[in-house]
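Have a look below at one chain only, the form predicted alone, in structure tokens format.
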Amino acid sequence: MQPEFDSLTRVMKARYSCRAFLSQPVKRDLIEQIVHTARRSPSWCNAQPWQLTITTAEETAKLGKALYEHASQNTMQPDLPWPEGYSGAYKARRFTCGMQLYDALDIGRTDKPARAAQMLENFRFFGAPHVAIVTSPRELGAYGALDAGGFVTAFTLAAQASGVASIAQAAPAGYAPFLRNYFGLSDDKLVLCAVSFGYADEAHKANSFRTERATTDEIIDWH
């Protein structure tokens, strides 16, 4: 096996969705280096549709306060519809991931207020000093979103390789009109997701578990 493959495998195994960050900001040149690497992601017809709105630590705090208050009082209006549902293995994986988080935080299965409070932490970006709002042109529809998803993966891996933790979040994009108004984003852009990033609070219980992955036999249908 090539050394580059081994290095990539180590980075992918080390990456996880960080849900508690230190307040220490990431230097701007390091953020630019992460984006510089992630921009090599493949895209349909090389359109490279991803666009990022990245906040400084001070602006992240302001945004988090405003979005948290908005999310506490308003219903979601995502640009892209949420999944119609989760069934079979997808439902089981989603359930297991949620229970791992609640168990790590000592939140009981019937403690709905505590679960709701943890959900709202999405809108404070789990204390991350930076957040990237990911958008793509509305006219590219699902293909632009697909390409941007590939970029998000590359971004999180490049961040991990740089010692920076991250988490890709759908929840903030549920308030797309708010984010569009807050940042002055044009209507011809779809708000797809957020990626919160910074340095992990490794002592926090929220970062104490790791999710499992399906086996290759579960993924591949050979013909």
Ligand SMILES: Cc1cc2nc3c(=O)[nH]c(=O)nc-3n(C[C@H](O)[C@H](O)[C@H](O)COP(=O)(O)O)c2cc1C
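All figures in this text were calculated on a predicted structure; none of them were measured in a lab. Residue numbers here begin at 1 and follow the sequence given.
If you look for the form predicted together with this ligand, you will not find it shown, but the lines that follow are about it.
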Thinking of this ligand in the predicted complex, which stretch from 31-39, 165-173, 61-69, 48-56 has heavy atoms inside 4.5 Å of it? 165-173
Find out whether any non-hydrogen atom of residue 199 is located within 4.5 angstroms of this ligand in the predicted complex, and reply yes or no. no
4.5 angstroms heavy atom contact with this ligand in the predicted complex for residue 126: yes
In the predicted complex, does residue 213 come within 4.5 Å of this ligand, counting heavy atoms only? yes
In the predicted complex, residue 97 touching this ligand (heavy atom, 4.5 Å): yes
Taking this ligand in the predicted complex and a 4.5 Å non-hydrogen atom cutoff, the residues of 26-63 making contact are none
